[in-house]
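As structure tokens, one chain now follows by itself in the form predicted on its own.
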Amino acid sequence: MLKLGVLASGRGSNFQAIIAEIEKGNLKASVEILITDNPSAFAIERAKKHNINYIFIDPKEFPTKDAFFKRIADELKVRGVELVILAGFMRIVRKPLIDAFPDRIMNIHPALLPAFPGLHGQRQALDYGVKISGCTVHFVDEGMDTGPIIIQASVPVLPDDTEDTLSERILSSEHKIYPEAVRLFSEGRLEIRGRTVRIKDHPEIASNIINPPCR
């Protein structure tokens, strides 16, 4: 069973989606620890409800960002975590954590990377006037949303969309593809070749598993 460590700063809805798939028996994994940098994060309530251990680590207590991420890495390693999940963790991951878990940190971003990285991907998509947006699960490197892409899902941008309505539809797709990416990792089916992530046995599903019809 794959041991997960989750990092979250806010409501943790993707954290909840992964918990749900574990409890349904669709994902052979366990969440060993939730780590948050926000003592008011709603993700803590989700952890409590499902009897998942959690800790708050205050970044203000550390002299450098690297020292903060070294502490996170230490907490994850002592619990035997094999894959780190970023679920709305609002900080750019630093080298001490990346070095401790090379190619074993996943993030989800609400845009079709490499388009619209960083904050407010949904708003960026609307401002640019794209017709198709979506979400991306990727491995984490030292850049901002620049790591190798695992799975993407497309979501149509409708003429009357606001940032809120588009965000809601993208989030629905996030809740499907993030647990799927974790499942593929747990089965040893993800292979990184340079910038390309190949899915063993079923390479045809590597790029896009959800393509809802336009209205």
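Start at 1 and count along the sequence shown; that's the residue number. What you see is a predicted model, and the numbers here were worked out from it, not measured in a lab.
If you look for the form predicted in complex with glycinamide ribonucleotide, you will not find it shown, but the lines that follow are about it.
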**Asked** Quick one: which of 98-106, 68-76, 125-133, 85-93 gets within 4.5 Å of glycinamide ribonucleotide in the predicted complex, going by heavy atoms?
**Response** 85-93
**Request:** Have a look at 143, 80, 118, 114 for me and say which one sits with a heavy atom within 4.5 Å of glycinamide ribonucleotide in the predicted complex.
**Result:** 118
**Prompt:** Heavy atom within 4.5 Å of glycinamide ribonucleotide in the predicted complex: which of 171, 149, 184, 52?
**Reply:** 171
**Item:** Exercise: residue 11 in contact with glycinamide ribonucleotide in the predicted complex, heavy atom 4.5 Å
**Value:** yes
